[in-house]
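The data below hold one chain only, encoded as structure tokens and taken in the form predicted on its own.
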């Protein structure tokens, strides 16, 4: 009797992560949120905390208040963040003023612009959670799908120029956002937050999620648009990206990119940032269908056992581009794919300062350091924006660089707006340093539960130090992108920047270097556990070498990439600076 040379090997289906069970049993995102909301408690259960994300809110803790916990009777200071769903970062004057009122009435008195063209409100207490979300919806702004395992806020160039390319991209941004919005989850959202009519979710109710199914996507899914000459949305960081193909000033189609993503996990080497890969060219009328097809492929094949590796970027990496294209074309797009056009990303526009619109009106881009709109001392940005939007009825756009654009301004009002910005202590963008304008930070401590270091509160002082160094070296006009995050999840996209600082613990950061101001290349880890007080001296040594050895008009990140890690490590010395 001969033995079978290839005996059957028993295989086991990977065990699903606990969050998959929570989603499956949630009755399309309902869970027990409504009951707990009225329980009199100051926080939700663990299951509800996970479902709350789909509704646009994160349960957090005031980490500055932790020092009081040891006192008798003092527990965790729970609070909530609420994020808006704002496709393309668009707000009417009335909507912006309503958001300003909400931040004062229910939140901590500040507005936080996000790196995905949205707004976050911090410091909201549980008794004010429903009133806050209801007030946002009263202004015709939703929070559903701003977080959670669904398509997140769709981003595009915010500049209201009125040119055909940006107009089409903005419309497609809104179309994808509407098409990929949760359907059954929308009913649950209205029931819980807007006192909508309850829906029977028993057997035979007919309630379905036609795209997502009852367990939604394995993790978050991010979509964005960009142009070759203006990659202001960091297209290659998106799960799904559309790069406009332009002929004679008009959009004729889009190169489709899949598989970008930033987040990593410390001590988990099989997690890493990746750039999106080109898979096809599509016509404008195929864009929305393509988005649905990619989302469905991710729904069916994305990893659900380990949330650390559940993003679509890992599926693309593990399969490879050719297998991804084959499965996508055969089972989801269901027709042959056309090859992407030969296009290169060549620039980024921050859209700061005054610009003309196609209709003859103007828009102005105002730099917002780390996205925080606040009044602090003589710098009264929140008051300035409220006064200007109220008086001139400007439309509002938010950029993925955390800045704000005010549009539809009559040319005759330009001088008056300039005067008001000066009155409220807002510096003109041409008087700001390049390193400040090109810097970004995530909120981190005290609000984000994932943060292991400071970010938003630490970066300004670091920028102040680097301004002096760069000016002394006559490098102050270089567009050096610098981004800081309080953990390796990468919300401020630090792994594409020329200088990335990622929280390691305490006041130490992992230093990354060699990315690209235009978002075309990942950086590399230069040194781990660098004390924050050593960051400026180490960068100064590299800046000095860059000034002496740069070739032609070489960008800083390109120089670092060219000379390599050994040369740079020799310049900066060990992490402790000794």
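Numbering follows the first chain given and starts at 1. Since we're looking at a predicted model, the values are computed, not measured.
FYI, the form predicted together with siroheme isn't displayed, but the following is about it.
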Item to check | Listed range touching siroheme, judged in the predicted complex by heavy atoms within 4.5 Å, from 341-349, 110-118, 181-189, 87-95 | outcome: 110-118
Checklist entry - siroheme in the predicted complex: within 4.5 Å of a heavy atom of each of 228, 235 and 277? => result no
Checklist entry - Of the residues 173, 439, 151, 262, which one places a heavy atom within 4.5 Å of siroheme in the predicted complex? => result 262
Checklist outcome for this item: The one residue among 299, 508, 325, 83 placing a heavy atom within 4.5 Å of siroheme in the predicted complex is 83
Checklist entry - Using heavy atoms and a 4.5 Å limit, would one call residue 58 a contact residue for siroheme in the predicted complex? => result yes
Item to check | is_contact(residue 443, siroheme) in the predicted complex, heavy atom dist at most 4.5 Å | outcome: yes
Next on the checklist: Can you work out whether residue 450 and siroheme are in contact in the predicted complex, taking contact to mean some heavy atom pair no more than 4.5 Å apart?
Outcome noted: yes
Checklist entry - So in the predicted complex, does any heavy atom of residue 433 sit within 4.5 Å of siroheme? => result no
Checklist entry - Within 482-514, which residues come within 4.5 Å of siroheme in the predicted complex, counting heavy atoms only? => result 489, 490, 491, 493
